[in-house]
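Have a look below at one chain only, the form predicted on its own, in structure tokens format.
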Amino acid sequence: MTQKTLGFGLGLALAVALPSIPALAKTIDIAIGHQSMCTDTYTAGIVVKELGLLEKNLPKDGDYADVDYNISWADYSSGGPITNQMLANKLNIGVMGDYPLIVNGAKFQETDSLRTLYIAGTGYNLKGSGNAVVVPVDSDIYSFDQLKGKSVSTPVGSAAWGMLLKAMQDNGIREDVSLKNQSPAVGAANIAAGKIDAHSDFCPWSEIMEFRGTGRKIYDGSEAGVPYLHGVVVRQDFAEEYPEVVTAFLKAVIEAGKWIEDNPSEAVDLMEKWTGVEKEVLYIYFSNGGHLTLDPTIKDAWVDALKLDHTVLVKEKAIPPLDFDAWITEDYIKAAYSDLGMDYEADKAKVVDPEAANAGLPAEIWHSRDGILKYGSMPEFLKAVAEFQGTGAKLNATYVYDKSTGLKLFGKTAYFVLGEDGSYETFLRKPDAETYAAEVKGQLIDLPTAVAAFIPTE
């Protein structure tokens, strides 16, 4: 009784004697490195940024009740510079493609004390499509082996660089190609000007060059036989200090993917405004049947793919060792799924194979006034193109599917094969189309020739 009274009296005395001091709010800096010119990073980058999804999900109670968040976004042309900024502690979180991811993990583990964690994916293409090798549109090069003795540029350190190294190793021409380091924008400009024999780049640069009519694919990442994926890395010291913030970021990633899947047309319209990439190019990636499967789970097959990528760079003596078990954790993405009431294991078990998933999907015409129009058969599609051209209607783009892989293609860049029975098939690569044409005693033609057969004569 005596103590309680004393304490109350002392407290009252201090309350009277001391001036009022407002509690100082703690500020947490969240610095994210992303790539607005790399489609497969959008669900952890430009979409989260523009829709304010991180702000929506950040914790605001408990230990975070008085916290102020200072969020900053830094846009890079490839993943390598993001790793450098993370090493300098200027970025906490980075989003990048497969080869830059393993370089990120290995470079951190090369230090005495710094580490990153690979905490989630953003999306994938099971066939490996996204990276590609492009030549000037009027080049006489049609296959990868024709690059022997040629000059090929690529953003060194990027996913496309890794794919190119693997393709050269697989084809036995690693020492016969002059490799040059060019950023995506510089490489695309060199292709347009015919100043380089070929350029290897990541998503969506090859489709940008195709859509603008400056470049033509001769090698698609799907030929490498390795899934192409992107993901999120975070500095381990940041993740351990603010695990709820990291989980909030991954909840934003999940919601960004759901928004795109639910609103693909609105999404590509807005992403065109945010990035400058044409919506018709973005549609190749984000539409039904598109190249990109949005999925943040970490599958065993993805870990195997990353380990294979690491062996490619080891052969080039371009990467330190990487302890994958110490680097990869599913803890944060599982926590994000749990908070959102979603089933992580169910999503982890799903794998989308374009060859099976896109079988039978309709060919499409993007009419400038009427939007996306779908056609159940190739003759219906070609007839519609002929009729629209006859009326002078503006067609933004046309889309068909590669018979070999199921990948969505621009109609204007596809190789058409007209069979003896009047059927049509479409292909990404000329050699594949030639082989099929020989098998069915068909005729290899292009889109204008195929359409010409449907132009009314009366």
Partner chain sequence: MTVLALGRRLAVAGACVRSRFGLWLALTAGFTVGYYALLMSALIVRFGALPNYATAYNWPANVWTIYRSTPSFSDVPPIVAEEYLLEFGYMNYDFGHGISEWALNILPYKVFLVMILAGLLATSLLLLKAKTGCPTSTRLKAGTATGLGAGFVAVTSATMSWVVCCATPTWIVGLSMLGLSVSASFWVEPAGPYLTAGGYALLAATVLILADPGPSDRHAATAASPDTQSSSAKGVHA
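Everything numeric here is computed off the predicted structure, so don't read it as measured data. C-alpha atoms forming the largest set that superposes within 1.5 Å between two forms make up the rigid core. Positions refer to the first chain, counted from 1.
Keep in mind that the form predicted together with the partner chain is missing from the display, and what follows is about it.
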Check your understanding: When the partner chain is placed as it is in the predicted bound form, which of 177-185, 303-311, 280-288, 356-364 ends up with heavy atoms within 4.5 Å of it?
Key -> 177-185
Review point. If you check in the predicted bound form, do 77, 156 and 276 all have a non-hydrogen atom within 4.5 Å of the partner chain?
Key: yes
**Study point:** 4.5 Å heavy atom contact, residue 127 to the partner chain in the predicted bound form
**Key:** no
Check your understanding: Hey, in the predicted bound form, is residue 377 touching the partner chain, heavy atoms inside 4.5 Å?
Key -> no
Check your understanding: Is residue 237 close enough to the partner chain in the predicted bound form to count, meaning some heavy atom within 4.5 Å?
Key -> yes
Check your understanding: Are any of the heavy atoms in residue 342 no more than 4.5 Å from a heavy atom of the partner chain in the predicted bound form?
Key -> no
Study note, to complete from the structure: With the partner omitted here, the residue among 261, 387, 330, 316 that in the predicted bound form has a heavy atom within 4.5 Å of the partner chain is 316
Exercise for review: Answer with one of 37, 433, 397, 58: the residue that has a non-hydrogen atom within 4.5 Å of the partner chain in the predicted bound form.
Suggested key: 37
Study note, to complete from the structure: Within 86-117, the residues having any heavy atom within 4.5 Å of the partner chain in the predicted bound form are 87, 88, 89, 90, 100, 111, 112, 113, 114
Check your understanding: By the 2 angstroms cut-off, has the C-alpha of residue 168 moved between this form and the one not shown once the rigid core is superposed?
Key -> yes
